[in-house]
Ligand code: HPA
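In structure tokens, one chain follows: the form predicted on its own.
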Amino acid sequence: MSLHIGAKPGEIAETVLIAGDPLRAKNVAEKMLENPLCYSQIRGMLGFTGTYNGKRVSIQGTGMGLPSTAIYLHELISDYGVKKVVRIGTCGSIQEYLDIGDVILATSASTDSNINRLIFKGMDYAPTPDFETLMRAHEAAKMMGIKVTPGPVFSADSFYNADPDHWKLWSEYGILGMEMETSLLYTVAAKFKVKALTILSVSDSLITHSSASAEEREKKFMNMAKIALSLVD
């Protein structure tokens, strides 16, 4: 058993969906998995394992932000032998053509976090997903008739920024949305040589200030979960 995940050996599948909100993990597990078993409730970070189309898959809550995500990723991979991690999360759009509920496949992740610079001794590392997993997600979305937008995202180290216009520079350079975990996910995956992909639902717009409710974020952004579950081997 790891420090932060209460699962016994063998209770976590090789493919894991991660969600910052543990209640999203619970909702997806209960709605979309067959015979979901809750294997962990430590610190309220719920984790479930069940089957989808006959294939074992787990869904784990991680909390918000890069440091919290790093803890769960490290333990999932090092202690439980996870081989593929797919993040199902939300983001704030910084492009006018992206609306609430639109789905993004994150092709890279810029960041203002110092974590990677600490790892790489002051140099910049460009975190990217596993290409095969990215392409499989894109093809699966097409087959399901779900519109997706592939492109770069920004992983912020803080949710509230003192500069209300901090996103505009990133928007000019084609970043699609602001979130808080992907940069670290792709870095950890590269280190441990596992497959990783982030699939995001747009939950709000930094341009129009429109926003989905907390309940909508938790329960209604299911297209990204459908795409993620199609990636289970």
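We number the residues from 1 along the sequence you see. Computed from a predicted model, the values in this text were never measured in an experiment.
Omitted from view is the form predicted together with the named molecule, to which the following refers.
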Of 111-119, 138-146, 98-106, 84-92, which is the one stretch near the named molecule in the predicted bound form, taking non-hydrogen atoms within 4.5 angstroms as near?
84-92
How about residue 203 - does it come within 4.5 Å of the named molecule in the predicted bound form, if we only consider non-hydrogen atoms?
yes
Heavy atom to heavy atom, is residue 38 within 4.5 Å of the named molecule in the predicted bound form?
no
Close approach of residue 159 to the named molecule in the predicted bound form, 4.5 Å, heavy atom:
yes
Report whether the minimum heavy atom distance between residue 45 and the named molecule in the predicted bound form is within 4.5 Å.
no
Looking at 194, 178, 33, 70, which has any heavy atom no more than 4.5 Å from the named molecule in the predicted bound form?
178
